[in-house]
Ligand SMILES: Cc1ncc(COP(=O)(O)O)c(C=O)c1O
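In the block that follows, a single chain appears as structure tokens, in the form predicted on its own.
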Amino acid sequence: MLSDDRARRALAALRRFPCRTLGRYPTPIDPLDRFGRRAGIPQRLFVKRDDAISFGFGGNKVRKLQYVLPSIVASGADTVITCGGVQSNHVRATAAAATAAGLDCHVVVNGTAPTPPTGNALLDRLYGATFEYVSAREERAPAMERAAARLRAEGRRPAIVPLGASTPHGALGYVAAIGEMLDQGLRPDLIVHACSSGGTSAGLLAGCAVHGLDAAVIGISADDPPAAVETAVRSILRGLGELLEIGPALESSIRVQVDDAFVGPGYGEPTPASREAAELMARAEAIVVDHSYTAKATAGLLDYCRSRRIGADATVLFWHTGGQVALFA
């Protein structure tokens, strides 16, 4: 745990960062009583509804972009460049945020253009984004740099937003979100969420540390192995330590937990466990989860509760990071 002095210093630093509010907050915290009864599990379950963020079809990327966007606007940029897969939630949220700020958005996508566009790809085009396609994930970052160079040569002022807005500035959105949750009166023993590029995990972990919440945070990986995700999370935590003016004390106070046991055959591919989780969540609570991220995280939640890796008397929060648009792809 952080010392009281360091925690106060971090929270004071957090309040100094500009935030462009996108949507209405707080997002709801709802009980998952029917879900728990139907699943036959005894723990007290709740869900933090970031799928219900009212901007750009919601999701965790919106909270990150609220802290990333001000510096882009202040720099005088006129175009945002980012990357993702064909059905990327991050690309959709970034295109929406750029539009709201009066900026153009250019996207590098690995895969092929869907014909006709559906799901997030359809929304990206409605928000006015322009696209270029590459064949592999590894080609996205170099392609973004080339696009930025091309736009600068044309007299434009581009700014690159990395994959997932998973930067220390982006993670500030979830440091603040832990404070929002505590103001709503919930102090869970455990937070379970879907993770991939590391920004949400780092923000939740740092948020617990600086707000004095002694809760475990488990990220259910959507694709990468735990070691790769933890490396990304710890890199962001080091940056957060600097931003929050407490240095290495932040990272050293945190235990990172990532579980990739629910990925199945690959990213975005349903598993029997994710199908059960999605149907149970929809039929018990009328809440929608997707097979790329949140259905697999819900499957992880169920497994941890059923196997009693989580104590029967624990209070557990599922942090719903959105992604429901993918069901319409």
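Since we're looking at a predicted model, the values are computed, not measured. Note that residue numbering begins at 1 and tracks the sequence as displayed.
The following text describes the form predicted together with the named molecule, which does not appear among the structures shown.
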Exercise for the section: Please check if Tyr67 has a heavy atom lying within 4.5 Å of any heavy atom of the named molecule in the predicted bound form. Expected result: no
Practice task
Spell out, yes or no, whether the shortest heavy atom distance between Val217 and the named molecule in the predicted bound form is within 4.5 Å.
Solution key: no
Problem - Non-hydrogen atom contact Gly207 with the named molecule in the predicted bound form at 4.5 angstroms - result: no
Problem - Exercise: Cys195 in contact with the named molecule in the predicted bound form, heavy atom 4.5 Å - result: yes
Exercise for the section: Tell me the stretch among 198-206, 96-104, 133-141, 180-188 that has any heavy atom within 4.5 angstroms of the named molecule in the predicted bound form. Expected result: 198-206
Completion exercise
Contacts from 40-62 to the named molecule in the predicted bound form (any heavy atom within 4.5 Å), listed N to C, are Asn60, Lys61
